[in-house]
Ligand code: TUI
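In C-alpha coordinates, one chain follows: the form predicted on its own.
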(Lines give C-alpha, C1' and ligand atoms only; values in the text may rest on other atoms or scores of the structure.)
Protein backbone atom coordinates (compact mmCIF):
# COMPACT_ATOMS: atom_id res chain seq x y z
CA UNK A 1 0.00 0.00 0.00
CA UNK A 2 1.31 3.44 -0.78
CA UNK A 3 0.39 6.67 0.96
CA UNK A 4 1.90 8.88 -1.69
CA UNK A 5 -0.22 7.95 -4.72
CA UNK A 6 -3.92 8.49 -4.12
CA UNK A 7 -6.87 10.19 -5.78
CA UNK A 8 -5.93 13.27 -3.71
CA UNK A 9 -2.39 13.52 -5.13
CA UNK A 10 -3.87 13.09 -8.63
CA UNK A 11 -6.64 15.62 -8.02
CA UNK A 12 -4.35 18.30 -6.62
CA UNK A 13 -1.15 17.54 -8.51
CA UNK A 14 0.93 17.17 -5.35
CA UNK A 15 3.58 14.66 -4.25
CA UNK A 16 2.26 13.94 -0.75
CA UNK A 17 -1.49 13.78 0.04
CA UNK A 18 -1.22 16.34 2.82
CA UNK A 19 -2.94 19.70 3.25
CA UNK A 20 -1.85 22.34 5.74
CA UNK A 21 -4.91 23.58 7.63
CA UNK A 22 -6.22 27.05 6.75
CA UNK A 23 -5.80 28.42 10.28
CA UNK A 24 -7.17 31.96 10.62
CA UNK A 25 -4.50 34.62 11.37
CA UNK A 26 -1.86 31.85 11.17
CA UNK A 27 -1.83 30.38 7.66
CA UNK A 28 -0.12 33.04 5.54
CA UNK A 29 2.18 32.97 2.51
CA UNK A 30 5.40 31.90 4.24
CA UNK A 31 3.89 28.73 5.73
CA UNK A 32 1.69 27.96 2.70
CA UNK A 33 4.66 28.27 0.31
CA UNK A 34 6.86 26.07 2.52
CA UNK A 35 4.26 23.28 2.54
CA UNK A 36 3.56 23.52 -1.20
CA UNK A 37 7.28 23.56 -1.99
CA UNK A 38 7.72 20.45 0.18
CA UNK A 39 5.21 18.54 -1.96
CA UNK A 40 2.00 19.12 0.03
CA UNK A 41 -0.76 21.68 -0.42
CA UNK A 42 -0.21 24.93 1.47
CA UNK A 43 -3.25 27.03 2.35
CA UNK A 44 -3.73 30.74 3.01
CA UNK A 45 -6.46 31.49 5.56
CA UNK A 46 -9.19 33.79 4.31
CA UNK A 47 -10.78 34.31 7.74
CA UNK A 48 -12.22 37.84 7.78
CA UNK A 49 -9.01 39.40 6.48
CA UNK A 50 -9.18 42.45 4.17
CA UNK A 51 -9.35 41.61 0.47
CA UNK A 52 -6.25 43.66 -0.43
CA UNK A 53 -4.21 41.82 2.18
CA UNK A 54 -5.39 38.45 0.85
CA UNK A 55 -4.68 39.41 -2.75
CA UNK A 56 -1.13 40.24 -1.69
CA UNK A 57 -0.81 36.93 0.22
CA UNK A 58 -1.96 34.99 -2.84
CA UNK A 59 0.51 36.78 -5.10
CA UNK A 60 3.41 36.30 -2.67
CA UNK A 61 2.60 32.59 -2.45
CA UNK A 62 2.44 32.28 -6.25
CA UNK A 63 5.82 33.97 -6.58
CA UNK A 64 7.33 31.56 -4.02
CA UNK A 65 5.88 28.29 -5.36
CA UNK A 66 6.06 28.81 -9.12
CA UNK A 67 3.73 26.33 -10.81
CA UNK A 68 3.12 24.25 -7.67
CA UNK A 69 -0.47 24.27 -6.42
CA UNK A 70 -1.67 26.03 -3.27
CA UNK A 71 -5.08 26.97 -1.91
CA UNK A 72 -7.16 29.47 0.03
CA UNK A 73 -9.47 28.60 2.93
CA UNK A 74 -12.74 30.54 2.97
CA UNK A 75 -14.78 30.80 6.17
CA UNK A 76 -18.29 31.07 4.75
CA UNK A 77 -19.62 32.89 7.81
CA UNK A 78 -17.09 35.71 7.44
CA UNK A 79 -18.67 39.04 6.41
CA UNK A 80 -16.64 39.27 3.19
CA UNK A 81 -17.18 35.70 1.96
CA UNK A 82 -18.74 37.01 -1.29
CA UNK A 83 -15.70 39.15 -2.09
CA UNK A 84 -13.36 36.31 -1.22
CA UNK A 85 -15.27 33.92 -3.44
CA UNK A 86 -14.68 36.32 -6.34
CA UNK A 87 -11.05 37.03 -5.40
CA UNK A 88 -10.02 33.36 -5.76
CA UNK A 89 -11.52 33.37 -9.26
CA UNK A 90 -9.81 36.64 -10.23
CA UNK A 91 -6.44 35.45 -8.92
CA UNK A 92 -6.77 31.98 -10.48
CA UNK A 93 -6.27 30.15 -7.17
CA UNK A 94 -6.15 26.39 -7.96
CA UNK A 95 -7.83 25.04 -4.79
CA UNK A 96 -10.39 26.34 -2.29
CA UNK A 97 -11.25 24.73 1.04
CA UNK A 98 -14.29 25.98 2.91
CA UNK A 99 -15.42 25.98 6.52
CA UNK A 100 -18.36 27.16 8.63
CA UNK A 101 -21.21 26.87 6.18
CA UNK A 102 -22.36 25.65 2.78
CA UNK A 103 -20.41 26.81 -0.31
CA UNK A 104 -23.29 25.76 -2.59
CA UNK A 105 -24.01 29.22 -3.98
CA UNK A 106 -20.39 29.77 -5.09
CA UNK A 107 -19.84 26.26 -6.43
CA UNK A 108 -20.88 26.79 -10.06
CA UNK A 109 -18.68 29.88 -10.51
CA UNK A 110 -15.70 28.17 -8.87
CA UNK A 111 -16.05 25.02 -10.97
CA UNK A 112 -16.38 27.11 -14.11
CA UNK A 113 -13.11 28.84 -13.19
CA UNK A 114 -11.44 25.42 -12.87
CA UNK A 115 -11.05 25.63 -9.08
CA UNK A 116 -10.97 22.40 -7.06
CA UNK A 117 -13.37 22.73 -4.11
CA UNK A 118 -12.81 20.83 -0.87
CA UNK A 119 -15.24 21.64 1.98
CA UNK A 120 -14.36 20.82 5.59
CA UNK A 121 -17.25 18.89 7.16
CA UNK A 122 -18.09 17.60 10.68
CA UNK A 123 -20.86 15.13 9.72
CA UNK A 124 -21.96 12.55 7.16
CA UNK A 125 -25.10 14.56 6.29
CA UNK A 126 -23.11 17.66 5.37
CA UNK A 127 -20.55 15.54 3.46
CA UNK A 128 -23.34 14.10 1.30
CA UNK A 129 -24.72 17.57 0.63
CA UNK A 130 -21.27 18.77 -0.44
CA UNK A 131 -20.83 15.84 -2.81
CA UNK A 132 -24.23 16.57 -4.39
CA UNK A 133 -23.24 20.25 -4.73
CA UNK A 134 -20.18 19.25 -6.76
CA UNK A 135 -17.29 19.13 -4.25
CA UNK A 136 -14.13 17.42 -5.54
CA UNK A 137 -13.28 15.93 -2.13
CA UNK A 138 -14.09 16.65 1.53
CA UNK A 139 -12.04 17.07 4.68
CA UNK A 140 -13.69 15.02 7.46
CA UNK A 141 -12.57 16.85 10.58
CA UNK A 142 -12.91 15.30 14.01
CA UNK A 143 -13.37 17.08 17.32
CA UNK A 144 -9.66 16.57 18.17
CA UNK A 145 -8.70 19.42 15.87
CA UNK A 146 -7.88 22.95 17.03
CA UNK A 147 -10.18 25.94 16.65
CA UNK A 148 -13.88 25.53 15.84
CA UNK A 149 -14.94 21.91 16.25
CA UNK A 150 -17.79 19.47 15.77
CA UNK A 151 -18.48 16.74 18.32
CA UNK A 152 -17.68 13.56 16.38
CA UNK A 153 -14.17 12.07 16.70
CA UNK A 154 -11.89 11.52 13.72
CA UNK A 155 -11.86 7.76 14.36
CA UNK A 156 -15.68 7.59 14.17
CA UNK A 157 -16.30 10.23 11.52
CA UNK A 158 -13.79 9.30 8.79
CA UNK A 159 -14.91 5.71 8.02
CA UNK A 160 -18.59 6.74 8.01
CA UNK A 161 -17.91 9.60 5.58
CA UNK A 162 -15.78 7.28 3.40
CA UNK A 163 -18.67 4.78 3.24
CA UNK A 164 -21.19 7.47 2.35
CA UNK A 165 -19.32 9.16 -0.53
CA UNK A 166 -17.85 8.39 -3.94
CA UNK A 167 -15.42 11.35 -3.87
CA UNK A 168 -12.15 11.05 -1.90
CA UNK A 169 -11.99 11.87 1.80
CA UNK A 170 -9.20 13.71 3.62
CA UNK A 171 -8.94 13.04 7.38
CA UNK A 172 -8.26 15.83 9.88
CA UNK A 173 -8.12 16.15 13.66
CA UNK A 174 -5.54 14.52 15.94
CA UNK A 175 -2.97 13.67 13.26
CA UNK A 176 0.62 14.77 13.85
CA UNK A 177 2.90 11.93 12.76
CA UNK A 178 3.21 8.96 10.41
CA UNK A 179 1.19 6.73 12.74
CA UNK A 180 -1.76 9.13 12.50
CA UNK A 181 -1.45 9.22 8.71
CA UNK A 182 -1.31 5.40 8.51
CA UNK A 183 -4.36 5.16 10.80
CA UNK A 184 -6.28 7.65 8.64
CA UNK A 185 -5.49 5.57 5.55
CA UNK A 186 -6.67 2.39 7.29
CA UNK A 187 -9.98 4.17 7.96
CA UNK A 188 -10.34 4.80 4.24
CA UNK A 189 -8.99 8.35 3.91
CA UNK A 190 -6.84 9.18 0.86
CA UNK A 191 -5.17 12.23 2.37
CA UNK A 192 -4.71 14.12 5.63
CA UNK A 193 -5.00 17.72 6.77
CA UNK A 194 -2.74 18.90 9.60
CA UNK A 195 -2.85 22.15 11.52
CA UNK A 196 -1.30 21.76 14.96
CA UNK A 197 1.94 20.12 13.82
CA UNK A 198 2.54 22.97 11.38
CA UNK A 199 2.27 25.52 14.20
CA UNK A 200 5.74 24.26 15.13
CA UNK A 201 7.12 24.66 11.59
CA UNK A 202 10.07 27.07 11.33
CA UNK A 203 8.17 28.88 8.58
CA UNK A 204 5.05 29.43 10.71
CA UNK A 205 4.97 33.13 11.65
CA UNK A 206 3.13 32.91 14.98
CA UNK A 207 4.58 34.56 18.10
CA UNK A 208 7.30 32.52 19.83
CA UNK A 209 5.11 32.24 22.94
CA UNK A 210 2.51 30.42 20.81
CA UNK A 211 5.12 27.97 19.48
CA UNK A 212 6.47 27.37 22.99
CA UNK A 213 2.97 26.54 24.25
CA UNK A 214 2.43 24.00 21.46
CA UNK A 215 5.84 22.33 21.83
CA UNK A 216 5.56 22.33 25.64
CA UNK A 217 1.98 20.98 25.75
CA UNK A 218 1.16 17.74 27.55
CA UNK A 219 -1.64 15.35 26.62
CA UNK A 220 -3.92 16.99 29.21
CA UNK A 221 -3.30 20.59 28.10
CA UNK A 222 -6.26 20.73 25.68
CA UNK A 223 -9.45 22.56 26.62
CA UNK A 224 -12.71 23.30 24.78
CA UNK A 225 -14.45 26.60 25.51
CA UNK A 226 -17.61 28.21 24.16
CA UNK A 227 -19.93 25.22 23.81
CA UNK A 228 -22.76 27.28 25.27
CA UNK A 229 -22.32 29.97 22.61
CA UNK A 230 -22.82 27.38 19.88
CA UNK A 231 -19.23 27.91 18.67
CA UNK A 232 -17.03 25.49 20.66
CA UNK A 233 -13.31 26.08 20.22
CA UNK A 234 -10.33 23.91 21.18
CA UNK A 235 -7.41 25.76 22.80
CA UNK A 236 -4.23 25.12 24.75
CA UNK A 237 -4.85 25.44 28.48
CA UNK A 238 -3.80 28.87 29.73
CA UNK A 239 -5.07 31.08 32.56
CA UNK A 240 -7.26 32.84 30.01
CA UNK A 241 -8.84 29.68 28.55
CA UNK A 242 -9.42 28.29 32.06
CA UNK A 243 -11.14 31.55 33.04
CA UNK A 244 -13.43 31.19 30.02
CA UNK A 245 -14.17 27.55 30.84
CA UNK A 246 -14.96 28.38 34.47
CA UNK A 247 -17.17 31.33 33.50
CA UNK A 248 -19.09 29.01 31.21
CA UNK A 249 -19.45 26.36 33.90
CA UNK A 250 -20.49 28.50 36.86
CA UNK A 251 -22.51 31.01 34.83
CA UNK A 252 -20.36 33.99 35.82
CA UNK A 253 -19.92 34.77 32.10
CA UNK A 254 -23.03 35.09 29.95
CA UNK A 255 -22.68 33.88 26.33
CA UNK A 256 -22.66 37.57 25.27
CA UNK A 257 -19.88 38.45 27.71
CA UNK A 258 -17.96 35.38 26.55
CA UNK A 259 -18.21 36.52 22.90
CA UNK A 260 -17.13 40.02 23.97
CA UNK A 261 -14.02 38.82 25.85
CA UNK A 262 -12.93 36.47 23.07
CA UNK A 263 -13.34 39.02 20.27
CA UNK A 264 -9.90 39.46 18.70
CA UNK A 265 -8.35 36.98 21.13
CA UNK A 266 -6.83 34.80 18.38
CA UNK A 267 -5.03 37.79 16.89
CA UNK A 268 -3.70 38.65 20.37
CA UNK A 269 -2.29 35.13 20.64
CA UNK A 270 -0.81 34.93 17.13
CA UNK A 271 0.68 38.41 16.87
CA UNK A 272 1.39 39.43 20.46
CA UNK A 273 1.76 36.11 22.30
CA UNK A 274 -0.61 37.67 24.87
CA UNK A 275 -1.19 35.04 27.57
CA UNK A 276 -3.66 37.23 29.50
CA UNK A 277 -6.14 37.82 26.65
CA UNK A 278 -5.12 35.51 23.81
CA UNK A 279 -6.83 32.33 22.58
CA UNK A 280 -4.11 29.88 21.59
CA UNK A 281 -6.13 27.59 19.33
CA UNK A 282 -4.55 24.19 19.03
CA UNK A 283 -5.48 20.54 18.52
CA UNK A 284 -5.58 17.85 21.21
CA UNK A 285 -2.53 16.19 19.63
CA UNK A 286 -0.16 19.04 20.65
CA UNK A 287 1.38 16.74 23.29
CA UNK A 288 2.95 14.79 20.42
CA UNK A 289 4.67 17.85 18.94
CA UNK A 290 8.10 18.07 20.57
CA UNK A 291 10.19 20.47 18.49
CA UNK A 292 10.20 23.16 15.84
CA UNK A 293 11.65 22.24 12.43
CA UNK A 294 11.21 23.03 8.74
CA UNK A 295 7.85 21.98 7.22
CA UNK A 296 9.71 19.91 4.61
CA UNK A 297 11.41 17.79 7.28
CA UNK A 298 8.06 17.20 9.01
CA UNK A 299 6.34 16.05 5.83
CA UNK A 300 9.13 13.75 4.65
CA UNK A 301 9.54 12.15 8.07
CA UNK A 302 5.81 11.58 8.54
CA UNK A 303 5.31 9.97 5.15
CA UNK A 304 8.33 7.69 5.41
CA UNK A 305 7.01 6.54 8.81
CA UNK A 306 3.51 6.01 7.39
CA UNK A 307 4.81 4.06 4.39
CA UNK A 308 6.85 1.80 6.63
CA UNK A 309 3.85 1.04 8.85
CA UNK A 310 1.48 0.38 5.97
CA UNK A 311 3.97 -1.90 4.22
CA UNK A 312 4.45 -4.13 7.26
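Everything quoted here is computed from the prediction, not taken from an experiment. Positions refer to the first chain, counted from 1.
Absent from the display: the form predicted in complex with the ligand. The rest refers to it.
- No member of the trio 9, 134 and 165 reaches the ligand in the predicted complex with any non-hydrogen atom inside 4.5 Å.
- When the ligand is considered in the predicted complex, only one residue from 237, 116, 148, 207 comes within 4.5 Å through any heavy atom, namely 148.
- Exactly one listed residue, out of 99, 71, 195, 180, brings a non-hydrogen atom to within 4.5 Å of the ligand in the predicted complex: 99.
- With a 4.5 Å cutoff on heavy atoms, residue 120 counts as touching the ligand in the predicted complex.
- When the ligand is considered in the predicted complex, residue 211 lies well away from it, no heavy atom lying within 4.5 Å.
- Within this chain, residue 87 is remote from the site of the ligand in the predicted complex, having no heavy atom within 4.5 Å.
- Contact annotation: residue 124 falls outside 4.5 Å of the ligand in the predicted complex, judged by heavy atom distances.
- Looking at 155 to 163, 181 to 189, 74 to 82, 197 to 205, the stretch with residues near the ligand in the predicted complex, meaning non-hydrogen atoms within 4.5 angstroms, turns out to be 74 to 82.
- Residue 231 is the only one in 225 to 250 with at least one heavy atom within 4.5 Å of the ligand in the predicted complex.
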